[in-house]
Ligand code: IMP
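In structure tokens, one chain follows: the form predicted alone.
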């Protein structure tokens, strides 16, 4: 069974290819650019929207996998949550989103506060739909540190570590990240569906 990743994000595609022995392609290689409106009120809902949209445009021998993820800060009522990629507005850069989060935390009079990442992975095929989740807990700080990773990584310190995700090596992140945890749960489902 051919696996299609419903993302245009090269980082996510690379990460997924490393995990799967099967051939994995990004949907743009098969369908070109497609705008997908993610208007659900949860990571699960948005992941399913992406996977269903791409699956409906392909033939039945494809298995489509999508991911929706973001960071939540309880101090801010859970923000930015599902709006993580557009927290500072539609088309905002990672740097702009990061700075808005820092500003909002500072406005609460603190320099660090608990936070967590969520990753929701949806799998859609002719055999049905499945969704798994992974979480990574830690704290966010108001000073960006490190050049590795993307998004909010330079201000997120995972529980049990002293450095931000922007400072930690990729090998460390692969073992603790929310996406890695969700991918571990998704892998046996994908393998099972591939044999069906």
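Residue numbers count along the first chain shown, from 1. What you see is a predicted model; the values in this text were computed from it and never measured.
Below, we refer to the form predicted together with the ligand, which is not included among the displayed structures.
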Heavy atom of residue 125 within 4.5 Å of the ligand in the predicted complex
no
Spell out, yes or no, whether the shortest heavy atom distance between residue 161 and the ligand in the predicted complex is within 4.5 Å.
no
Just to confirm, residue 85 within 4.5 Å of the ligand in the predicted complex by heavy atoms?
yes
At the 4.5 Å heavy atom threshold, is residue 129 in contact with the ligand in the predicted complex?
no
Within 4.5 angstroms, counting heavy atoms, which one of the listed stretches 137 to 145, 25 to 33, 51 to 59, 65 to 73 is next to the ligand in the predicted complex?
65 to 73
Three-residue site 152, 173 and 178 fully in contact with the ligand in the predicted complex at 4.5 Å by heavy atom:
yes
